[in-house]
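Only one chain comes next, encoded as structure tokens, the form predicted alone.
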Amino acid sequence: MTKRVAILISGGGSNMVSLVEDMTCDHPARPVLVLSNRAEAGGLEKAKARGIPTAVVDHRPFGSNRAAFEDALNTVLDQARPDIICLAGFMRVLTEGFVTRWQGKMLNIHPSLLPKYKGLHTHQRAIDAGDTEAGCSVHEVTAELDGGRVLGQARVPIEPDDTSDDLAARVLVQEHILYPLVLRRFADGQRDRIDLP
């Protein structure tokens, strides 16, 4: 049975596009919703252009009431009935209550080689630490920030003169390869880890 995928974004949606473009032909999943917390997110128009239903739940009117914001997210998600939720540049930290409800069904892509550099500013932190490589990880989402089981990683060398923007651009290329690959396997019931060179 084909799995239904909801993709949550906050910005331009480049990872969303890579996921959607892979979900064709023999893929075990199909996109049913692109949901953003920002009405101005560029990814919404990209989704609409591909015929995917979109929705916006703006977090700002909820202030610090994260539970109410997540209740509103759940209302929209319940209507879409997803089997899998992919966080693709969704820049809101989700509470334990939300994560628990979707436990085992939610993936995220993070721009570091987890468990290194959870949270923000990952590329600059890798450069500042003198690391020789960086990369990205796709992991299951748990209540611990960027702490769920890693299902796939891709590595990128750090060049001596790299800025964080240079490194981010090269890592993003690998994100667009890794995330669709992991989603395809995840939708097919595979949970074993894969590593790209």
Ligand code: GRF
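In this text, residue numbers run from 1 along the sequence as written. Please read all numbers here as calculations on a predicted model, not as lab measurements.
The same protein also exists as the form predicted together with the named molecule; that form is not shown, yet it is the one meant from here on.
At a distance threshold of 4.5 angstroms between non-hydrogen atoms, Gln174 is out of contact with the named molecule in the model of the complex. In the model of the complex, Pro180 stays away from the named molecule, with no heavy atom inside 4.5 Å. Residue contact with the named molecule in the model of the complex: Ala88 places a heavy atom within 4.5 Å of it. Looking at Pro111, you'd find a heavy atom of it within 4.5 angstroms of the named molecule in the model of the complex.
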